[in-house]
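This document opens with one chain alone, in structure tokens, the form predicted alone.
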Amino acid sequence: MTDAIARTNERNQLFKDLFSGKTPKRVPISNPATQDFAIQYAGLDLAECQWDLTKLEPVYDKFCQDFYTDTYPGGSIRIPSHYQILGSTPIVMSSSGFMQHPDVVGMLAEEYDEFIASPYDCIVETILPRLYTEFNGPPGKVAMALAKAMKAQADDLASLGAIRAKMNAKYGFAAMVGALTEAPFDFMSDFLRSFKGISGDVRRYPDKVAAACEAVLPLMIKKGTLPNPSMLGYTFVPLHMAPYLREKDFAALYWPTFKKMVETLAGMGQSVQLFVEQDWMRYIDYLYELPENTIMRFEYGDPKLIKEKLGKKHIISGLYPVTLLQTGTKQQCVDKAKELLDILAPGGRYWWQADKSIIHLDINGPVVENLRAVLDYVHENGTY
């Protein structure tokens, strides 16, 4: 057995134990730095590398070699080629090379009834042509644009998959597989009504918002379903709008379909990882109600209260402030890691991740050395 295979087996067991409620041999670790960070770390042009993915293999090799992690680091979910081919307005590349999500309106308020009656048809016939310019025009033109975009995406995913396979064979990461979906309310906000639009809708016609969330729920479940659900597979769900809602609106409009979605996905035998964005402390008792061993990566919150309220049922992650890596000394960064280990690791159900991903790298700043020191410290000292 090669060293890489042995490392993969060891890491797989860490996550199998973690996701099944057992206490792993040590605390598993995920590097919070992204592909964008890795490209900058390698000293290459961000936009150029995203348009020519053949440049990424040495980028990932250096990234994997220099920063400890148990899971494959730096993956990208937004590759520019197919977005540009389709004339995307909700996902665009900035002049600096970062992929961004402007606040867009894909569905008008007067189109709620159409959407509720048939979400899929409304998305295909009305919303996509509004958000993607190349979906407008004669059917032949639209079909050609879609074919080109699908081919570009397939080629890009194949290139990234080949790099990942090489890195896994060399470094032996855990064999994790993932899907991505959204809470129905967040989907309505992010791509259909916009932040401003959904905020007004909640006050003006909450019944239509609730009905739209129920109508789109099956699509969100389908999007989050793994082809072959397994103990090492999970669905990633970034949570956006809840902290901006009054609790009564959260309870009536956000929570019911979100809870149904998580319960359905967990019932298929796969884990669900929530990225609990902003401060959810007033909703912490709601989170407890989710299926056992739901993974909750917190951006903000009181670690002691989170551990006390959720730590015996759910898997806690996040809370390490990436801003400290930019502003703190190496010792301060390591001390923070120790503090969180002391609070969150006892009793198990803890996965070390930071409070958010690291996208931008100030090459002259302390982030590289501080991040490396923290990852190494948790690897060497992360016992339960």
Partner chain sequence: MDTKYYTTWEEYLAEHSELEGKPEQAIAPKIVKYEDAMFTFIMDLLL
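Residue numbers count along the first chain shown, from 1. Worth saying up front: this structure is predicted, and the values here are computed from it rather than measured.
The protein also exists as the form predicted in complex with the partner chain; that form is not presented, and the subsequent description refers to it.
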Ile123, Leu128 and Leu219 all contacting the partner chain in the predicted complex, non-hydrogen atom within 4.5 Å:
yes
Of 174 to 182, 160 to 168, 264 to 272, 303 to 311, which is the one stretch near the partner chain in the predicted complex, taking non-hydrogen atoms within 4.5 angstroms as near?
174 to 182
Would you please decide whether Met150 lies within 4.5 angstroms of the partner chain in the predicted complex, comparing each non-hydrogen atom pair?
yes
Distance check, Arg193 to the partner chain in the predicted complex, heavy atom within 4.5 Å:
no
Using the partner position in the predicted complex, report whether Ala109 sits within 4.5 Å of the partner chain, counting heavy atoms only.
no
Is His82 near the partner chain? Define near as a heavy atom within 4.5 Å, in the predicted complex.
yes
Between Tyr72, Trp255, Phe135, Trp280, only one gets a heavy atom within 4.5 angstroms of the partner chain in the predicted complex; which residue is that?
Phe135
Could you work out which of Val202, Cys213, Leu239, Leu86 is the residue within 4.5 angstroms of the partner chain in the predicted complex, going by heavy atoms?
Leu86
